[in-house]
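Given next, in structure tokens, is a single chain: the form predicted on its own.
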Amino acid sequence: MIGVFDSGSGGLSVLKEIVRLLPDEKYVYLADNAHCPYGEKSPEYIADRCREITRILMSKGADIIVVACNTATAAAINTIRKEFDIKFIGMEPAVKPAALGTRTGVIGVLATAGTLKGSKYLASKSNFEDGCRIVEHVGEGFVELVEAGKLSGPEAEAVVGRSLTPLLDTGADTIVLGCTHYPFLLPTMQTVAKGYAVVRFIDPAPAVARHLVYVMVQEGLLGERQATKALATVVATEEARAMGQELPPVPAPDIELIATGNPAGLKALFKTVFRK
């Protein structure tokens, strides 16, 4: 069983890409929405939440856990890797593909304050900032919009515009989405960016899903048939994305959904992500 958790519902953007590659696996997803958002909370607080969540997911039978939260990855993944005998997959900042793909030499990073202070992001940034200009902005109010199910409309456009426009005004042609909630606002971001030159948004979720498959193969958590099928899907999906083709919808998985707070928002977004 694959365990996945986030501060709220945002990790469903990662879960979708995982299920695309591993549709036959069983899942348990925990949204820590009683404590959401994580962005401004201390690393110690987040580490305590990650410990508690890990215990819950392991008690449910998880064999591997995906920390589908950039802030939690930055603040706590090294800690929980030391303390628990289970493999963790974290979020990786997508600075490299942005830096390699920019035409203007300017890339923007939208993330939470916690992620922008994290060692993983800072290390990735230092590797590429000599070759391009990296500008950053906290996606203020983005998490709250997604948790409330307000993914489009005038309110969403106003909130998104306040954080995205400053990046676009610098000439950034590639925007890294550094929080798993943010992909749900991608259509709104594209609307806000319409007055600018072509802008590319990078969602790290597909790369995380691919990494999960490879780790599960290495750990013997996938049978030969499952592994072959998953790796073939990786290749086919990457080719389709490279050609700009629309991907097929992802069927709802065999899953247990857990929320530490009100589960209504989680269940509503889940139905949107996994439409039958």
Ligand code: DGL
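Remember, predicted model here, so these are calculated numbers, not experimental data. All residue numbers refer to positions in the sequence shown, first residue = 1.
The protein also exists as the form predicted together with the ligand; that form is not presented, and the subsequent description refers to it.
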4.5 angstroms heavy atom contact with the ligand in the model of the complex for V66:
no
Quick one: is C36 in contact with the ligand in the model of the complex, heavy atoms, 4.5 Å cut-off?
yes
According to a 4.5 angstroms non-hydrogen atom cut-off, is V176 in contact with the ligand in the model of the complex?
no
Check whether V143 has any heavy atom within 4.5 Å of a heavy atom of the ligand in the model of the complex, and answer yes or no.
yes
Just one stretch in 194-202, 109-117, 124-132, 166-174 has heavy atoms within 4.5 Å of the ligand in the model of the complex, so which one is it?
109-117
Using a 4.5 Å heavy atom cutoff, which residues in 3-20 contact the ligand in the model of the complex? It's fine if the answer is none.
D6, S7
